[in-house]
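Two forms of a single protein chain come next, each set out by itself as structure tokens; they are called structure 1 and structure 2.
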Structure 1
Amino acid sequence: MKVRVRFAPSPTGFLHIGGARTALFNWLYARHTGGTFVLRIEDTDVARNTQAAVNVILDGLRWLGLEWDEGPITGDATGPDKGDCGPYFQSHRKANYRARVEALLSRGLAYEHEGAVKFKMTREPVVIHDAVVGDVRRELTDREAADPDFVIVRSDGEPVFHLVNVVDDLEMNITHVIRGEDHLSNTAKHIALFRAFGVPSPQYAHIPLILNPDGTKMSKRDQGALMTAYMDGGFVPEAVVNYLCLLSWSPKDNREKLPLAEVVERFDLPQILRANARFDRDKLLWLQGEYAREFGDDRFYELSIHALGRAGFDTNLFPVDYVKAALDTCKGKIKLFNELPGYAGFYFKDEFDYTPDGVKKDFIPENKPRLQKLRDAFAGLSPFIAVDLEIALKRVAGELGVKAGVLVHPARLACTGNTAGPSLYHLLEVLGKDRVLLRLDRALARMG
């Protein structure tokens, strides 16, 4: 039997990091088994659905690289889709639900109740055979024991989650339901519905949740909960996906950074851990840095230029070779691409403020004659290249009887406005003699 899994988000809120992880595990299992990954939009809550949320779901999955085999192609519920089990928006499957409810009603398995339809839930404990958690015997809670039946169609005629979820899994021939553990308790209801429809339940696999760093449940309002925070925050999908793979799953060989293709090869349901995991942004950031450092030039330039553009820097105003040379000095130094405007913006603007800490420390009176002497030495240099700049600076330092750092720090502040940044000699070479002398003069005037 060919594996068919689905990710079935509800567009009532923006794509969540936990939802992304659920999508990832479904995708991994589909790819691992050579199965099919279906995307289904559960938009039955008309009042709370938004088109923007649908778009973020599609954009987010594509950004992560989790392409689906079946499902909508655009965020338009009436738009094109791919696959033989559509429509993939639940808002367009109402006839299916109606027919299923009729069948239950006619067989006495459901009944009308004050305008709504309720399903006659079994009173017996339900055993859930879960691929991750094992066998779970779910008994009724006290409140359920008082009234075990539950609503499957609202009095306004709209079908409810438990019903539509099961009907679609059934009609879309879903073989494995991989979802968050928050659904484990509800699974008894779903199994009862499958029984009522006379078909076996899919294989369930309930995966642990992602918690906040303090161990509380991550909600949409928490820091870092939304996928857009990563998409817009200068992260790369490789790092986010890699990090997500390491939550509740492990390659078991002490490696942390590993290619997705290898995860696909090794991923399987029984090895998924059972305990919730806390989200650790520091570790994600570390992985982000690992990836950012190892990108090829083209990818690095592309992401960098994009990040600079978002911050208002138009790199098209500069020669391509200049832009590339400037970015080359930043590679391996930054983690988040969002850091780049602050880190390398000095290459692309002549007017900038000096960081106050640096002014206090480096633009001191005794440094003025030193910087002047350095400026004069630089003025005589041709060509203006890093190795010669370093020799010149160290010679001046020697003549002054000071360590190189005494000149390096004010020179850096003068030319970049910052106390930290790319290699000084290389950034000077990239800026070029004219810009460097101009900036040194400006700093000298400022120190006056």
Structure 2
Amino acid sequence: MKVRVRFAPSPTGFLHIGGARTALFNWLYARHTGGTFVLRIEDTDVARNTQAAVNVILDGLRWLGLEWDEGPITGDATGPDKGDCGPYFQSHRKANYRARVEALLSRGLAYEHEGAVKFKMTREPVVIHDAVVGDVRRELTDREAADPDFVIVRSDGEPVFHLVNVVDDLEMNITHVIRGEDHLSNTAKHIALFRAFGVPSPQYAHIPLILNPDGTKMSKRDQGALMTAYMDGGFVPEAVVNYLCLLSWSPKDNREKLPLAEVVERFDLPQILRANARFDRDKLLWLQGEYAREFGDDRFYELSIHALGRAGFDTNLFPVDYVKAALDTCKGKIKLFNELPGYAGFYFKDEFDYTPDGVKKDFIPENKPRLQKLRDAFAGLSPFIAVDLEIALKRVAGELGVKAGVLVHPARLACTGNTAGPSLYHLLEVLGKDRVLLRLDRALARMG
């Protein structure tokens, strides 16, 4: 039996990190087993669905690299263009649901009730065989014992989640349902529906919830809960995927940074941990820094240029060699790529504000003649390279009888607007003599 799994988000809100992890675990299991990963948008809640939420789901999965294998454009698993097939939308499948409801009604397994349609729920306990949780016996509560039947079509004619979820899993031949543990309470109803349709239910695997660091359930309002926070926050997908893998799954050798290909090879449902996972931003940031530090030049340039572009910097206005040299001074110095505009934006604009604390500390009257002497020393340098810039600055400091830092700090502030950043001598070399002298002159004028 070929494995077929699905991710079935509801577009009533933006993609949650828990949903992203569910999608990832389904994708990993499909890739591990050579199976098929289906994307299905459960958009029957017309009043709450938004196209913006659909777009974030699709963009988020693509950003993570979780391309789906099947959709209604092709109808079958595709080849190199598999990411171009559309997902299934439940709103396009209403005829399928009507046919299934009619079948239940005709067999006396469902009935009309106050304009709605209710399913005749079994009166016997249901045992759920779960690959993660284990066997769960679902007893009927006292309230349900009196009337355990449940609505499958509302009085407005719209089918409800329980029905469409089961019909789609049945008709799409889903073999394994991997989803959040919060859905475990629905599963007895779903198993009863599968039995009513005369087919066995899929293998269920309910994965633990993701909690906040304090142990409370993570909601969409909590920090780090929405995928847009990572997509727009300077994270790289490799780090986020790696981190999501570690939320309720472990390779059992205490390793945390793992190539995705190795995770695919090792991932299996019995390895999913039973305990709820706690979100650890520090660990995610550590992984982010590790990936950012180890990227090859081309990947680092690509991500950096995109980050600068989002912040309004047009690197196309500068020679390619200049852009690359500027970015080389930042490699290994930042974790999040949205830090880059603040860290290195000075390379790509001549007008900038000075950090107020830096002005107060470094643009003091006694530093003006010192900075002027340094400016004159720099003006006489040729070539204008880091090693000679360092020698010149230290020589001037010696002549003035001060430590090098007395010159380093105002020079950095003058040329970058910041009190911290890339190596001073290397950034001065990248900027070049003309830019450096202009910026020093501007700072000297500012100092009065």
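Keep in mind that this is a model prediction, so the values were computed, not measured. Residue numbering: sequential along structure 1, first residue numbered 1.
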Given structures 1 and 2, which represents the form predicted in complex with the RNA?
-> 1
State, for the two-rigid-part motion between structure 1 and structure 2, whether Leu246 travels in the same part as Tyr88.
-> yes
The rotation of the smaller rigid part relative to the larger between structure 1 and structure 2, from C-alpha superposition and in whole degrees, comes to 9
